[in-house]
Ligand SMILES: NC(=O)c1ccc[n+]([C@@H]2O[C@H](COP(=O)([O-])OP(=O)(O)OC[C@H]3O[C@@H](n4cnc5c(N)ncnc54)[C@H](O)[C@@H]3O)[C@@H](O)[C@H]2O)c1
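There is one chain below, alone, in structure tokens, taken in the form predicted on its own.
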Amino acid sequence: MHMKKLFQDKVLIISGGLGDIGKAICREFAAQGAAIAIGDLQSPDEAEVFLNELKQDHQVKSHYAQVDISDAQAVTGWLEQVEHHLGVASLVISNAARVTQANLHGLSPEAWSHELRVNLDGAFYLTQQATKRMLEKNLSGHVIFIGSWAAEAVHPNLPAYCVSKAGLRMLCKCMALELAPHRILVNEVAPGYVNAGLSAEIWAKNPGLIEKAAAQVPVGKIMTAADVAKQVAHLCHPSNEHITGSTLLMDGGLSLQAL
């Protein structure tokens, strides 16, 4: 007799699903039976290897769309595709983000605008439209924003990123209050140093840098993308009926000290 998996019969939709953290989240939820809908900028051919992995390892349905999350119409089209192929998503993960390394005066107007469009506007378009569909179908569920400890800690070389993540945190709270009566819980997972994405690339090119970063973290460790994924799943657990509008800060104590 097969035990029912935690997220069986659920559909998860995630932006930026082909990044390191995005893939880890997809694997975590696929392992628990969720159908997986991924949006990202890569071509469908590039996505196919990962979709095959999900199918072979977890026997779940999946769907990929090449989508620019900062384009509201493109997001609408994506959600229509997902609904057609998999059904309405009740697990909504806003993960897509970009980061520009530049100080305040080194940041071009174009870079500032692009970063806020992806990190904040894109998060709004996805979660607004996905939850509208949930309301129409009277579905309870979970929305998770992948935020950052940078929402409240100044990073001099990442001003646009810090501002976009601070905005994301307030969007999370506004959405949480409005959707609470409909049993749609909205939360943020805010990681500190993760060995993924841009950070991983920088650390890989600079020997000794990751050890230096780990030494700055009070718990003495750098987290993995899989660590982040586990906390996303934790907040989406069916037994979570009360946590909403919260930030799960997982930074190893970084924000408790002046860096």
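Keep in mind it's a predicted model, so treat the numbers as computed, not measured. The first residue of the shown sequence is 1; numbering continues from there.
The discussion below concerns the form predicted together with the named molecule, not included here.
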| task | Report yes if all three of 28, 128 and 236 come within 4.5 Å of the named molecule in the model of the complex by some heavy atom, otherwise no. | result | no
| Any of the heavy atoms of residue 42 lying within 4.5 Å of the named molecule in the model of the complex? | yes
| message | Considering non-hydrogen atoms and a 4.5 Å limit, does the named molecule approach residue 69 in the model of the complex? | response | yes
| query | Taking the shortest heavy atom distance, is residue 90 within 4.5 Å of the named molecule in the model of the complex? | reply | no
| query | Contact between residue 11 and the named molecule in the model of the complex at 4.5 Å, heavy atoms? | reply | no
| task | With the named molecule left out here, work out from 79-87, 160-168, 129-137, 105-113 which stretch has heavy atoms within 4.5 Å of it in the model of the complex. | result | 160-168
| Taking the named molecule in the model of the complex, which residues along 12-34 bring a heavy atom to within 4.5 Å of it? | 16, 18, 19, 20, 21, 22
